[in-house]
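What follows is one chain in structure tokens, specifically the form predicted alone.
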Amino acid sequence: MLRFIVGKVAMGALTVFVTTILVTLLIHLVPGDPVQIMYAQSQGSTPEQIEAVRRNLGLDQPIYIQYFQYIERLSQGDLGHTIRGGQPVLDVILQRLPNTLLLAVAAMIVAIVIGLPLGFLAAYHRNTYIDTALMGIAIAGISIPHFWLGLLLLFFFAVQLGWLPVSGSGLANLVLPAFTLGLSNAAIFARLTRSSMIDVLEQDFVQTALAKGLPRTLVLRRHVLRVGMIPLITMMGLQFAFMMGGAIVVENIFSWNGVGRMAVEAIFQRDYPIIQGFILTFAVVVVFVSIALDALYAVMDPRIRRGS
């Protein structure tokens, strides 16, 4: 198991390393002079001010020098400073990151609580009208875009019924964004759970346990559910990454004060240090969550423990 975890950590470190290269190249991938673009709408910017910004960003150095300087700053916990206001990028991100993580975790809970029981129920009643109806709902849930579902929930529950606030960052404000982000992922979990559970139900050890007279509920709970959950755990890591990405849209719909909304604001303001910091932070969080879920996968799967 230790070798398995070390391998996953090495893959995660490689992912972060590649991300640092892409982040360094980000400014150079923008057509034209990025500093000129940043100040395109500013009035009274002098050539000296623009050149000072270029030096501050290190754009007057060869690209390989820029990369090593960026790595050196990262080793000291320095992600640079914002163009607008000169604040440390790390401080700005850390102020908003907890809100995004809270939204992603809440959406994951919604997806698990709704998706797993529906998928298990569909597998238990496979090839019946219950299975068909549940999978039809799941396909519809996957097909609905986040922005459309968010606006629909916002209009119905906040504007028409007045049950929930329209925007903000309190716990009550978390309900609609979490359901907007979680419902589509609940549909994905339902389909994956159904497929996984059907595969397990057809295994010989399940049929043998039932043939021996063990209660069906006991077999489902102790054998089918545990074995069927193993591939779902890995999928949860991937879905968490999608939730972090989907949070960018959802945060802007509900004015949720997270890093996704911050990134969109930075894009409109052409504040490249914040955009760079957001991409790197996103990669680190996703890698960390993936490693944690892979470790849980190894704990639940005896084959990995025996192979370590």
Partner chain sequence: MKTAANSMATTYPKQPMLLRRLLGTPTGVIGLAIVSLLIGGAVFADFLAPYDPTKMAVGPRFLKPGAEHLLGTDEFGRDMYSRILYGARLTLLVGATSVLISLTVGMSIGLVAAYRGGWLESVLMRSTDVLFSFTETLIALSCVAVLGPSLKNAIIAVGIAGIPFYARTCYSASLVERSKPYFEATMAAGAGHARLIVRHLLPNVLPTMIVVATLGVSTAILAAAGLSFLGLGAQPPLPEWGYMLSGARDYFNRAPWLMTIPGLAIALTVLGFNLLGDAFRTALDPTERHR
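Positions refer to the first chain, counted from 1. All of these numbers come straight from a predicted model, not from anything done at the bench.
Form predicted together with the partner chain: not shown, discussed below.
Engineer: Counting only heavy atoms and a 4.5 Å cutoff, which of 204-212, 95-103, 150-158, 70-78 contacts the partner chain in the model of the complex?
Structural biologist: Going through the listed ranges, the match is 150-158.
Engineer: Report yes if all three of Gly7, Gln66 and Leu296 come within 4.5 Å of the partner chain in the model of the complex by some heavy atom, otherwise no.
Structural biologist: No, none of the three is in contact.
Engineer: Which one, Val89, Val227, Leu118, Ile198, lies within 4.5 Å of the partner chain in the model of the complex by heavy atoms?
Structural biologist: It is Ile198 that has a heavy atom within 4.5 Å of the partner.
Engineer: Have a look at Asn56, Gln61, Gln49, Asn252 for me and say which one sits with a heavy atom within 4.5 Å of the partner chain in the model of the complex.
Structural biologist: It is Asn252.
Engineer: Is Thr19 close enough to touch the partner chain in the model of the complex, meaning at least one heavy atom pair within 4.5 Å?
Structural biologist: So Thr19 counts as contacting the partner chain.
Engineer: Met11 versus the partner chain, in the model of the complex: is there a non-hydrogen atom within 4.5 Å?
Structural biologist: Flag for Met11 set to yes.
Engineer: So, in the model of the complex, is Leu218 in contact with the partner chain at a 4.5 angstroms heavy atom limit?
Structural biologist: Taking the distances in the model of the complex, the answer for Leu218 is no, it never comes within 4.5 Å of the partner chain.
Engineer: Residue-level contact is defined here as any heavy atom of the residue lying within 4.5 Å of the partner chain in the model of the complex; does Gly162 satisfy this criterion?
Structural biologist: Taking the distances in the model of the complex, the answer for Gly162 is no, it never comes within 4.5 Å of the partner chain.
Engineer: What residues of 131-147, in sequence order, lie within 4.5 Å of the partner chain in the model of the complex by heavy atom?
Structural biologist: The stretch touches the partner through Ile139, Ala140, Ile142, Ser143, Ile144, Pro145, Phe147.
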